[in-house]
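Only one chain is shown below, in structure tokens, and it's the form predicted alone.
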Amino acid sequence: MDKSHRGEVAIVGIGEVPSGVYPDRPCLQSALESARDAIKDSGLPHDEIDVVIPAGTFYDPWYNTNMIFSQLVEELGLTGKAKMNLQVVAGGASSSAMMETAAGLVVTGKARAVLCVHAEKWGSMPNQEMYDKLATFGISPEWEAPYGLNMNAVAALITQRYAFETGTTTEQLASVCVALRKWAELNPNAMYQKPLTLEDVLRSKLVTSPLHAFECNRLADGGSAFVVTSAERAKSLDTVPVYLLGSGSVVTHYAISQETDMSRFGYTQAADEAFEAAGLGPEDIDIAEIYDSYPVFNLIALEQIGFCKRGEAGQFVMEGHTWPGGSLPMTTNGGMLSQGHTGTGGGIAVLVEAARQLMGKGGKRQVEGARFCVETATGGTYMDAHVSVFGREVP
């Protein structure tokens, strides 16, 4: 996104259902509840939604195909009114891909208002099916899968390399999980709301060295949605618009074995692009909504975006700076390590939380006075880096 489009589009409505294990709640129900809440929250007339973008769903291929074939349009009563239904999926980076697609449609006048929605049932997935999917998604079938590489092993490799280069300790890594849980304790939609201590994390089962069970993402059922329209249209609505001020992205690899620097990825390049477009810098940011499937990714992002110097993020988190009341609140919904990982929806929930905070709808976890927020996303084996800057105002 270049600076010429700064603040031209805004998120005006959000919706979400609780994350957790809900075997009797179909994906369609989660999607519809989230979508209807987002439309209602926006204050837009129902028939002004003229494009629907459902994210991809991994659990249920039948449901996923129905999303491609406009089932949501029909269920929401938008047939004959919506111009387009298209699926956008980029794994955990789907939040950024959907936001950029929606923004492009609005800026070019191809859409008045775009509904982005996601639902998933990873928490209800049978264990063996869960293992099979996470052992193969994003893993090269020729060069990696035959040797047993899976998502936990990928994260462990990255964690080991990062710790080796920076001197980050196991306690500092574990403190990310503690910080995220403190936010989840305040989040009624979070899967895990029970307090978590550093000792709890380090005493949990060792899954893939050096990662313990509480340092691995928590798979969940869930759903979330957001509505995007023009800044001009947003002015006439009875809501607090959240403006997209800048964004940057880069794809760095497909197979993790081809990533040349797995302790940095592309966050610096993406952040530089986003901040330049927004006319802001790290010092202007009030909240960092960081994609967090494993604790190391929060630390890498904090450093590469410019919030901490190299090797200092672990201590920064451990000292409480990202906790409620801290100097840089981080991933304030609890993230995938506590709210729950809902597949491609994990990042969408983080984006929805960014909008929620800037709208002033954060409830007990509301960051008072927040004006500007950074949100990140990444997909697959951390194949890409996306950084977006949002604000309550346009600088």
Partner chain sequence: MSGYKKPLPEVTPWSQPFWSAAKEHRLVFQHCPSCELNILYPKLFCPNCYSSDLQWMDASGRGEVYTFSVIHLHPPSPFRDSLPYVVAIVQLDEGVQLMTNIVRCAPEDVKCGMSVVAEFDDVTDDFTLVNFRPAAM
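Numbering follows the first chain given and starts at 1. If you're wondering where the values come from, they're calculated on a predicted model, not measured in any experiment.
This protein has a second form, the form predicted together with the partner chain, left out of what is shown; the following refers to that one.
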property: Candidate from Thr260, Thr79, Thr108, Ser236 lying within 4.5 Å of the partner chain in the predicted complex - any heavy atom; result: Thr260
property: Partner-contacting position among Leu157, Leu202, Leu196, Leu280 - heavy atom within 4.5 Å of the partner chain in the predicted complex; result: Leu157
property: Whether Tyr147, Thr208 and Ile256 all lie within 4.5 angstroms of the partner chain in the predicted complex by heavy atom; result: yes
property: Interface segment, criterion being heavy atoms within 4.5 Å of the partner chain in the predicted complex, picked from 183 to 191, 98 to 106, 303 to 311, 137 to 145; result: 137 to 145
property: 4.5 Å heavy atom contact, Asp272 to the partner chain in the predicted complex; result: no
property: In the predicted complex, Lys83 touching the partner chain (heavy atom, 4.5 Å); result: no
property: Touches the partner chain in the predicted complex: Ala153 (any heavy atom, 4.5 Å); result: yes
property: 4.5 angstroms heavy atom contact with the partner chain in the predicted complex for Asp284; result: no
